[in-house]
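Presented below, as structure tokens, is a lone chain in the form predicted alone.
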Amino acid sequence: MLVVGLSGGVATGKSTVSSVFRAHGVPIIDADQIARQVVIPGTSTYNKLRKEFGDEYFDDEQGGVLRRDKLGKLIFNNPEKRKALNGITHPAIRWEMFKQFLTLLFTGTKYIVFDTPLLFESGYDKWIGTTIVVWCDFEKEVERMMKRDNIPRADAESRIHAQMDIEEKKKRAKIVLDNNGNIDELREKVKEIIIQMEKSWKPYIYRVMFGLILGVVPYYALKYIRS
């Protein structure tokens, strides 16, 4: 299995790249989607968040759901609160990502894409073979976020600066996708990456290695027990 890590700025086009992979049958483990799942009312993560941040960040008229926009404004301007939020949610997100990874691993899929904005901040890039970063100029990112989220410029800039600098992400990435053009150009670039992935022998090598591990480890474990 070839594991690909996908990251980028908050409004650089990462979701578009992910959708192209998905359209070509590449399984996606979406950290943002998982982040929403782990804070569903009633979960342990939800209860911890409510205790940490208080009732004002939850909408009891809508079943107690987390007010993500309100909490977002708080953490993007408060590093300590952001650290508290990450300390509560990240363990639950990592565990769910790991479970999905194991499921895909045993299905024999050829590729898998970890779609996470915190690819480098969380250290996932250290064990992922191929890393992709989507980027665009700062002004374009600000404009796209203002239009997408219907927020003022100051809020857009605050959210961008709250994450690792995109230039640092580009330095760490093995593949850098320039999204200063239009969406069709970006899609074509992703298709080229998929073509190159299809030509790679790595998934087959990893699958053979995994198969050997599954066969050899139980064999010697049984041999050890019998001895």
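The shown structure was predicted, so the numbers you read here are calculated from the model rather than taken from an experiment. Residue numbers here begin at 1 and follow the sequence given.
Missing here is the form predicted in complex with a small molecule; even so, the following discussion is about that form.
K.L.:
Would you classify residue 182 as touching the small molecule in the predicted bound form, given a 4.5 Å non-hydrogen atom cut-off?
P.N.:
Contact check for residue 182: yes, within 4.5 Å of the small molecule in the predicted bound form.
K.L.:
Does any part of residue 52 reach within 4.5 Å of the small molecule in the predicted bound form? Heavy atoms only, please.
P.N.:
Although the small molecule is absent here, residue 52 would stay clear of it in the predicted bound form, with no heavy atoms inside 4.5 Å.
K.L.:
Using heavy atoms and a 4.5 Å limit, would one call residue 20 a contact residue for the small molecule in the predicted bound form?
P.N.:
Result no; residue 20 lies far from the small molecule in the predicted bound form.
K.L.:
If we define contact as a non-hydrogen atom of the residue within 4.5 angstroms of the partner, is residue 148 a contact of the small molecule in the predicted bound form?
P.N.:
Yes, residue 148 lies within 4.5 Å of the small molecule in the predicted bound form.
K.L.:
Name the stretch: of 43-51, 191-199, 174-182, 63-71, exactly one has residues whose heavy atoms fall within 4.5 Å of the small molecule in the predicted bound form.
P.N.:
Heavy atoms within 4.5 Å of the small molecule in the predicted bound form occur in 174-182.
K.L.:
Does the small molecule come within 4.5 Å of a heavy atom in each of 112, 125 and 130 in the predicted bound form?
P.N.:
Zero of three within 4.5 Å in the predicted bound form.
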